[in-house]
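Heads up, the chain below is alone and in the form predicted on its own; it's given as structure tokens.
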């Protein structure tokens, strides 16, 4: 494919900047700032991507070297390692497939940079299961949307534009009613309907979400609460929310595990899931957990498909092991004897540790402490093609190659390292 920047013809593209994977973007020849249908997040991503230093070269301890020398050095580190950690894992499906093969060969532990939030959802799903929905179902059926602890658009900017206010749906449904719980009022503008109807906003501290969700569960079970307020929210307000959820034709409860930054947040996710289960006894409701980005949904789906487990797993003599506590990056940084850090979508820096470190990622990665090996690779969806799972895990979407340069893809580099072991 010819470089879109050297062509006078607009080029369509899928945007990997968030889990919506909007595939209606048009990049014009004048530059990334003229992205059609792009949100601020996508424009930032493409601007950053096209401003990368494509002349970046591999290095050993900060000194430039050729790619083959860097690959040989990386292989040597992993060959000597007894307990390597593959962390970051900011990549797409093909990149993760290659990392899984290398992990099997080197007995590595795998953990994504955003797994701290992902695990809150995973623990709930493993414990009791859950009922979640897809983007298409939200667009076509949702008539009440309850957003708990997230304004949604900070992480997924076009959510309301594409799914909520879009009138091009399969069914003649009413304009959805939006309810925000524990979201600052100044962040709820996206919930204002095209006809001017304002959303219901229930202010509360994030730390109060567990108590409020438990109260909603009690009200749905017709329990009498002997108090006028819960965490500063009037019981009458919560009863009104419960009534709206019960009367909805298709209620959707949205949450972001990344925003639930308090101890044992997985129990709150479980309470949200219980809320949804109760609603489904007499009506129809579903959950919609938002992802954190950097390919986390793709990484966990790929890992689960290949090994039976999401990340925070380890491959030992070809057999997968899984432990959400001991196999976390935080724990493994104190135990591993080699670190392989991967971040291809964004220039996230690796943690600073004294063990041998291999960094494979974005050409603009800022390295405060030079790793043993640094290999710059292409950006998925810009420098090479790829595949990504959408936030709802229902489909994969293709990423296009938009320009030509000398940077290899992550999967190419990892395959060469594997072949050198």
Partner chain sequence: MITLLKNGKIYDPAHKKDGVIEDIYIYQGRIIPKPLDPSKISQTFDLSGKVVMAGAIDMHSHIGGGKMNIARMMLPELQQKQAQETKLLTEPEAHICTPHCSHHAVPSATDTGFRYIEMGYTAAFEPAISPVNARQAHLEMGDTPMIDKGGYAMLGNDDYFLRMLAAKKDQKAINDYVAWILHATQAIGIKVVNPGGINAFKFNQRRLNLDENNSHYQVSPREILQSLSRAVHELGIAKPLHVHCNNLGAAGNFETTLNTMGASDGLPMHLTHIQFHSYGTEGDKKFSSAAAQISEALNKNKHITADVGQILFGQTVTASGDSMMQHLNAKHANPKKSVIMDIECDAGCGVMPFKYRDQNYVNALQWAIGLEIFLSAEDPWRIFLTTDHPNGAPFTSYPHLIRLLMDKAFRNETFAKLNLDAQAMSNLASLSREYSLYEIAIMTRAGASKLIGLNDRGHLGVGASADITVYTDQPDREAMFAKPDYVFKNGELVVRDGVVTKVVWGATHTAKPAFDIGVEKDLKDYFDKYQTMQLDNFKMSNDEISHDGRGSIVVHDNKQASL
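Given the structure is predicted, the values throughout are model-derived calculations rather than measurements. Residue numbers count along the first chain shown, from 1.
Quick note: we don't show the form predicted together with its partner chain, though the next part is all about it.
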{"query": "One residue of 136, 231, 225, 185 in contact with its partner chain, assessed in the predicted bound form (non-hydrogen atom, 4.5 angstroms)", "finding": "136"}
{"query": "Of 48, 365, 396, 28, the one that lies within 4.5 Å of its partner chain in the predicted bound form (heavy atoms)", "finding": "396"}
{"query": "Contact flag, residue 97 vs its partner chain in the predicted bound form, heavy atom cut 4.5 Å", "finding": "yes"}
{"query": "Close approach of residue 282 to its partner chain in the predicted bound form, 4.5 Å, heavy atom", "finding": "yes"}
{"query": "is_contact(residue 390, its partner chain) in the predicted bound form, heavy atom dist at most 4.5 Å", "finding": "yes"}
{"query": "Its partner chain contact in the predicted bound form: residue 171, any heavy atom under 4.5 Å", "finding": "yes"}
{"query": "Within 4.5 Å of its partner chain in the predicted bound form, all of 131, 140 and 317 (non-hydrogen atom)", "finding": "yes"}
{"query": "Location of its partner chain contact in the predicted bound form, chosen stretch of 78-86, 143-151, 303-311, 328-336 [non-hydrogen atom, 4.5 Å]", "finding": "303-311"}
{"query": "Heavy atom within 4.5 Å of its partner chain in the predicted bound form - qualifying residues of 249-273", "finding": "250"}
